[in-house]
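The chain below stands alone and is given in structure tokens; this is the form predicted on its own.
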Amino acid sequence: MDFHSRIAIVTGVGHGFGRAICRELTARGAIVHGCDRNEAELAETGALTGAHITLVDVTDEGAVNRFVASVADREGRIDILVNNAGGVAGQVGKPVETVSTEEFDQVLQVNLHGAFYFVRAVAPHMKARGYGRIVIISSGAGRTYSLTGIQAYASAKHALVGLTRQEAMELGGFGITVNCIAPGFVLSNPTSIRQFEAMGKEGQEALVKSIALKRLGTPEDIAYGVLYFASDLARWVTGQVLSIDGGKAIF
């Protein structure tokens, strides 16, 4: 997988999946432009991976448009987009009747709207060249339900699968592939770590036992899937959802 001179945008690179994706792409020759809204973590990712970093809130469509335009102006093209930014926006699971509209919308903004803003912004640049690789990070919650119990999170992750399939059909004629990864349980960020700790020893053991490979995933496991979809090895693969979960969802 040689990404020499490929221009990539990766969102949500402050830690976890995004940082690992930056590391693996740059190690294979890609010029990576990463963004996040956490300034301290963003700077650390830049230092560790060599990616170009920019402070961007993916829920701000104007900021997204300016960032994408700046990358295209600087590099002359955009070859790869990895929509990784997302999360639960600091929320916890609670009964649906107690969830406010604002809380529901906030999670959709971070996960779904941000991905849409980036796909919309890069599409003209990829169409102009007749080439593009778009990878969207959903979740196992986008194929079944969310362990977090957060209704908006499961809804947004399901919607990302729909966005993947719709844009694969729309953009395929321009030489652009659009694929999706649905990660299993990975200790990739403070939220997942807190969730795992809250399970207690018995809950943790039960979770690991439910996974065919008998271990939790790592951010690199997810990044390797991104490498495949972003490479020319996947040149005739589009509209697909790949579960990277150690064998949990298929049983």
Ligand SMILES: NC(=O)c1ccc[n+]([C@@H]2O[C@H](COP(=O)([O-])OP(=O)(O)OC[C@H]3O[C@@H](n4cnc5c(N)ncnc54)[C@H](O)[C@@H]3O)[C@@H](O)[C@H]2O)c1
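Every value quoted in this text rests on a predicted model; they were computed, and no experiment measured them. Start at 1 and count along the sequence shown; that's the residue number.
Form predicted together with the ligand: not shown, discussed below.
Using a 4.5 Å cut-off to the ligand in the predicted complex, each of 57, 85 and 111 places a heavy atom inside that distance. By the criterion of a heavy atom within 4.5 Å, residue 185 is counted among the residues contacting the ligand in the predicted complex. The ligand in the predicted complex is not approached by residue 26, whose heavy atoms all lie more than 4.5 angstroms from it.
The closest non-hydrogen atom of residue 38 lies within 4.5 Å of the ligand in the predicted complex. Among residues of the shown chain, residue 137 is one whose heavy atoms approach the ligand to within 4.5 Å in the predicted complex. Note that among 188 to 196, 65 to 73, 26 to 34, 208 to 216, the stretch whose heavy atoms approach the ligand to within 4.5 Å in the predicted complex is 188 to 196. Shown without its partner, the chain has 153, 157 in segment 150 to 177 as residues with a non-hydrogen atom within 4.5 angstroms of the ligand in the predicted complex.
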